[in-house]
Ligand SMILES: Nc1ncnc2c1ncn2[C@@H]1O[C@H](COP(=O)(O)OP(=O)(O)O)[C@@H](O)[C@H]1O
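There is one chain below, alone, in structure tokens, taken in the form predicted alone.
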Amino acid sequence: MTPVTPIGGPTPLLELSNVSKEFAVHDAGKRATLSAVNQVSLSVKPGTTMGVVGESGCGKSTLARLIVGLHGMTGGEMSFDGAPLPKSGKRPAHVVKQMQMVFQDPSSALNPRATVGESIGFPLSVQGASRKVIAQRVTQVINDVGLPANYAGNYPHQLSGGQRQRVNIARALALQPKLIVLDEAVSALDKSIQAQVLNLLKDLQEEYKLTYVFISHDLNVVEYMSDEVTVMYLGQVVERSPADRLYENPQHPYSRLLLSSIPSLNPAESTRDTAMDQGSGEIPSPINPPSGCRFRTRCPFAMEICATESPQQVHAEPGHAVACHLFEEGVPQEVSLARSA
């Protein structure tokens, strides 16, 4: 899939070009290949938030782990701050410092036998920082995430879920990174706590000049946090757009299906797009994905070409990339959908 480069603006901090990840698995007693991420291309500008959405199993978490180097790439290329990254996932120490991750479960991400201060200071000790520097930095980031300084001596079981996630965020900040990948970082929290943590993340982004890759299945949260949004389906990017444009006018049939599922606050209004009802159903297996367009088995606009050729990303409009056979460069959505009728 040909990557669609951003139009104008600063040089991207993070770039992925046709990145893929496959896993060897056993299916019905036979060896098989699971295609978790397939030819994903995206770019993230410094100081912005790239939201990544999609159903469970679409490859969001695998993509997060590829970015920070917890998985190696099967194919494609990735660069950070203008420098290429190795496919193996092993990163130089200076790159590791600049890319950190906040995981979904705030409890399992912390060592239950380590104090808050020890957990936050561990990345610094690995990098060879002195005890004095570690103590000063731990105190600073604990304060920055809104926790009292004396919490450094507490253990994870003494904290609430929201407080534990603040500790995880503080640990990610300890090395003063440029990029933080947040993988469902608020999904395990109560709604009221979610709002507090989201606002904290926005404040920290401005204070530390951070760049985020924000992964979530909650469409409302992604809209609130993101400057741009990447929509993934079965390991592939189907649409990428500025957040406001995507939510106002989604172009890809799968994006329309996703956004139509957002509950309405008005009980008298339907939350479903009836034109997309036939697009419901289970996501196919990534071990044996459909040929051509992977969404075609659920798409109400599927054509013959969708079964034989994988769609390439094109600009449905400036800055708005869509991978769908309904679209051609410069052809408005209304015309494309009419052609499929």
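We number the residues from 1 along the sequence you see. Not measured: the values here are computed from a predicted model.
Here the subject shifts to the form predicted together with this ligand, a form of this protein not shown in this document.
Contact with this ligand in the predicted complex, defined as a heavy atom within 4.5 Å, is made by all three of 25, 57 and 61.
This chain appears without its partner; in the predicted complex, the one residue of 316, 36, 67, 44 with a heavy atom within 4.5 Å of this ligand is 36. The closest non-hydrogen atom of residue 51 lies beyond 4.5 Å of this ligand in the predicted complex.
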